[in-house]
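One chain is shown next in structure tokens, namely the form predicted on its own.
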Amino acid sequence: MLYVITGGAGFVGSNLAERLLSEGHSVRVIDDLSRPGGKVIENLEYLRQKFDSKVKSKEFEFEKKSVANFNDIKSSIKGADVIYHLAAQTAVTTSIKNPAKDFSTNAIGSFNVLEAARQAADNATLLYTSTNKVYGNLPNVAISEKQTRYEFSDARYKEGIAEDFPVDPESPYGCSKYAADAYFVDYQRTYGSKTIVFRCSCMYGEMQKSLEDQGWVSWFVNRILGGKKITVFGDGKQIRDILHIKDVVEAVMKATDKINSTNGHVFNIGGGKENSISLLELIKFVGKETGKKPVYEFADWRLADQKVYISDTGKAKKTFGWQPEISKAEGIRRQILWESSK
């Protein structure tokens, strides 16, 4: 089988490519390598070295292309059996600074992938990674403030936010991701495309090259290990349900394998309430695990920053038998080990 991964040199894409190649599949990575700092090139080189024999046999291919170019994408996905569309502009802050670029990559780029697949790989399974940001700031959900975190105080959300929660994106990023999200669902209804949408919460783990505005678990761990100051936007009590990359990859594989059940569906994919953690709680945990004293300061809240977001993953468990396996404590320890080894 031929698997095509857009954004395949990125964090999720490189981990997914590694899993697929290890299992003997053919993989074609499409990436424009535009992520700041050139970090994705390190992921690509790691994969090339590890799977050198597959590079030589052309079972592992890389094409430097942008999803914003329809003709390029069409030629690259021709004949694909599975397409994982992960290429994206990933930060809310960046989308606010440059909404046109955000829209071009996230909305137009996603449309290009869908339409190119319809024309050149019409039997392929397509999985798209959307975001919890499509739900906005959850303005009508009651929350309570504790010493180190915010919590949902509305009993309806004791397990988190489910897929039927009203969509209300509050940033260009949320809007562009939801536009693509909606197109993926509609292409199944209108054209019979085999599509799956994951609305992902905070993912972290090996091969994540974080920036201050994206990948906060990795960013905090890296800064604490290096004795560098962290800027905490807001009061640090914001809650997210963090999900280790190995669980993300497992979810992708299981959803693809059960396409007859997952076709045309949207799934909230996150760590769930058991893996919820606040910024302050993460800082304290990493400090304790590393024996280093974290240095941090507070700054103003950032636009569209949810005080609490936890995914209700019940639909994924019921539909394709997936639930997180790596606890937040184990996952953060793995992150510390990986960051320490660099």
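The structure displayed is predicted, hence computed values, not measured ones. Numbers follow the displayed sequence, beginning with 1.
Below: the form predicted in complex with a small molecule, not depicted.
**Prompt:** With the small molecule left out of view, which of 195, 95, 208, 268 would have a heavy atom within 4.5 Å of it in the model of the complex?
**Reply:** So the residue touching the small molecule in the model of the complex, by this definition, is 208.
Contact residue in the model of the complex, chosen from 65, 317, 302, 48 - any heavy atom within 4.5 Å of the small molecule:
Answer to the contact question: 65.
message: Test of understanding: in the model of the complex, would residue 28 fall inside 4.5 Å of the small molecule by heavy atoms?
response: Although the small molecule is absent here, residue 28 would stay clear of it in the model of the complex, with no heavy atoms inside 4.5 Å.
Checklist entry - Would residue 33 count as a contact of the small molecule in the model of the complex, using a 4.5 angstroms cut-off between non-hydrogen atoms? => result Within the cut-off, so yes.
Exercise for review: Give a yes or no for residue 40: in the model of the complex, does one of its heavy atoms lie within 4.5 Å of a heavy atom belonging to the small molecule?
Suggested key: Yes, residue 40 is a contact residue.
request  = May I ask you to state whether residue 324 is within 4.5 Å of the small molecule in the model of the complex, using heavy atom distances?
outcome  = No - in the model of the complex, heavy atoms of residue 324 and the small molecule never come within 4.5 Å of each other.
Check your understanding: Heavy atoms within 4.5 Å of the small molecule in the model of the complex: which of the stretches 138-146, 153-161, 114-122, 81-89 has them?
Key -> Looking at the other structure, the answer is 81-89.
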